[in-house]
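The form predicted alone is given below as one chain in structure tokens.
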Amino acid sequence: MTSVLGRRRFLSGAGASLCLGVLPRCAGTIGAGAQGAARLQLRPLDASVARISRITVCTRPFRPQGPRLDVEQIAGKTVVHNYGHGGSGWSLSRGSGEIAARKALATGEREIAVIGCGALGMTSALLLQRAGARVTIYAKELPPNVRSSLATGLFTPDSRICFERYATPEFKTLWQGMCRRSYQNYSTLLHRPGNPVEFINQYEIADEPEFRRTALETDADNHFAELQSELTPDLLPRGDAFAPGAHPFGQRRVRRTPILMFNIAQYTDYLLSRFRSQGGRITLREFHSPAEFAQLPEKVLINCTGYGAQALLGDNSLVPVRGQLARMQPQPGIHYALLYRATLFLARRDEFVFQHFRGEYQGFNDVSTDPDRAEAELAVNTIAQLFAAGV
């Protein structure tokens, strides 16, 4: 699941602000305001708990060692694994899919199966097709009833990607290749019909006079790796700042940054329509044991089962990371993101989403998928107060 949870938290006064992989590189302080910038005008958001249309919860498939991309023989089949990307599934799907497709095609086979129809499965299947393979996707469920459809929708390529202690030089090289190839591809999708991928402005808002760079304490042995600022700083656009009086949020400080966003529904439709238009087949099937792979006609499989690999393959290296979104129907004229007091608002074209963060390890090893109404209302109310009278 693409999420902002993978980035280290930075505090700004009583409310926590988050420095994300898609935010500007976090300076120690921000100046008084953007020189010569006009007053910031934003159409007010009608954020009310009464407008919550649904609350969704998913489990991100985190592996402390990072994504699984190895090859093994199972039930007489060559199985290429492509899962365990934590909160970076959508963000790295293109680069990771290229690696998996290349390994599958190296067998010489051109009839290939893909297990799973989430972000990794759809992307891997399409890349195989482009290389001349005939592909069948086998999946228990299709979008929007897969975990990938419940993602936040931001380009966060190192969100819960691995623990720092496993970020070896070899892994960093692998990750950087996936990140750059993915980003390059998404840039080619800008301005396509339906806007499957696009840039919008995110406004990070702080109550304190300065954006303070104070990291929360974390477990030194199990700290999530932060790779983007180290390895791909050129992909982190810098923003500009607005002082009080130059924006509609009262005496707060505001920083604006362009961010890359996935409109999940539109991007999913793009991938599936392209796959089907090129002769791709989808078969609904649930696998209860890897021994059932022997029943498939294809000799080569790419396994993109995500968190489902824990039950299917007995992969106990997978750790669930719970994530919840409160959702609303879009409102005309609102096309921006807000980050305030550890809460994100994202105006996607398919749905508006609100997400609250309670700490570095929120949701870690939490298998619960029951919606938390109080958490959803907290997220909405936190953003709503920005537009209250007299802010």
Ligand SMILES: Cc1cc2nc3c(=O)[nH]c(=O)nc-3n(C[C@H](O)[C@H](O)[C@H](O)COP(=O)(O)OP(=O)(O)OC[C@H]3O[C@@H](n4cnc5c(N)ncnc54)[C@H](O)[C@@H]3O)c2cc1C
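The model shown is predicted, which means the values in this text are computed figures rather than measured ones. Numbers follow the displayed sequence, beginning with 1.
One more form of this protein should be noted, the form predicted together with the ligand, which is absent from this view; the next part is about it.
For the chain shown alone, residue 88 is a contact residue for the ligand in the predicted complex, at least one non-hydrogen atom being within 4.5 angstroms.
Using a 4.5 Å cutoff between non-hydrogen atoms, residue 249 does not count as a contact of the ligand in the predicted complex. Using a 4.5 Å cutoff between non-hydrogen atoms, residue 153 counts as a contact of the ligand in the predicted complex.
Although the partner is absent here, residue 67 is not a contact residue: none of its heavy atoms lies within 4.5 angstroms of the ligand in the predicted complex. Of the candidates 72, 286, 234, 230, 286 is the one whose heavy atoms come within 4.5 Å of the ligand in the predicted complex; the others do not.
Proximity to the ligand in the predicted complex, defined as a heavy atom within 4.5 Å, singles out one entry of 141, 269, 207, 240, which is 141. Shown alone, this chain has one stretch from 164-172, 307-315, 100-108, 188-196 that lies within 4.5 Å of the ligand in the predicted complex by heavy atoms: 307-315. Within 4.5 Å of the ligand in the predicted complex, a heavy atom is found for all three of 121, 146 and 323.
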